[in-house]
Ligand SMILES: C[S@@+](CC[C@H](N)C(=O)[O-])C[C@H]1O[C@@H](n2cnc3c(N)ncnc32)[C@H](O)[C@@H]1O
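Next comes just one chain, in structure tokens: the form predicted on its own.
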């Protein structure tokens, strides 16, 4: 924009996110979660996501198309994993890597947990406009691959969440990070999501979500039937490796999801979740 042309005025009370590249994907996931939460017949409740969604000056549908609920279903599945873990470790620490504008803490908070968000500086800056830290909530501006953030975890039961992160990293970086987590948090838990190889390859060639938004490359793709052997090849003494599903909520995406799962050659080629328990010393 020319310096002689003033920037466009935002509607009163709205914030410009000012994101590009991988950090901009936090708006895509926000779009799908908030739109699902706004459905009168939906089962996903996330008033904090709705508040943030309606406070940003951003044309979600122009960039990402109509919301499909996929990220809401992914978030709900991880919520359930965290709630089960918190039943056993009510005073535990949850570390959320690359969290962006995810509002998971508000959905699972038991009033006792400690929460640490680790994200790039631009992600933390936008997050703190809407979700400030507090006595049990800390924000750390850092690359998840830099192990120095691990020094900020006080110890005790720890659950790491890497939601919407690993697919944007090279496989070698994911391998190194998982191995480091296993070494630094013995007895800890990790949950992360995956994309299949075919989707990873499409993004590397250049995949447009809409005419106005090209998805960032996802270098790390893995099919569900390769997860356990791959992770145990990285860290042989993992206590548990479990692959889990999350389903599309309705409509044609739900139908296509079902057809994939009923076809033996395709059932492992869908996005999914991985739950890992690190071996105790």
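The model shown is predicted, which means the values in this text are computed figures rather than measured ones. Positions refer to the first chain, counted from 1.
Just so it is clear, the following notes concern the form predicted in complex with the ligand, a form of the same protein that is not shown.
Site annotation in the predicted bound form: the residue of 183, 136, 145, 209 reaching within 4.5 Å of the ligand with a heavy atom is 145. This chain is drawn without the ligand; in the predicted bound form, the residue among 115, 85, 168, 192 with a heavy atom within 4.5 Å of it is 168. A residue is said to contact a partner when one of its heavy atoms sits within 4.5 Å of a partner heavy atom; residue 23 meets this definition for the ligand in the predicted bound form. In the predicted bound form, the ligand lies within 4.5 Å of some heavy atom of residue 74. Not displayed here, the ligand is approached by residue 120 to within 4.5 Å at the level of heavy atoms in the predicted bound form.
For residue 188, no non-hydrogen atom is located within 4.5 Å of the ligand in the predicted bound form, even though that partner is not displayed.
Residues placing heavy atoms within 4.5 Å of the ligand in the predicted bound form fall in a single listed stretch, namely 156 to 164, out of 200 to 208, 156 to 164, 128 to 136, 87 to 95. Annotation for 33 to 68: the only interface residue with the ligand in the predicted bound form is 33 [heavy atom within 4.5 Å].
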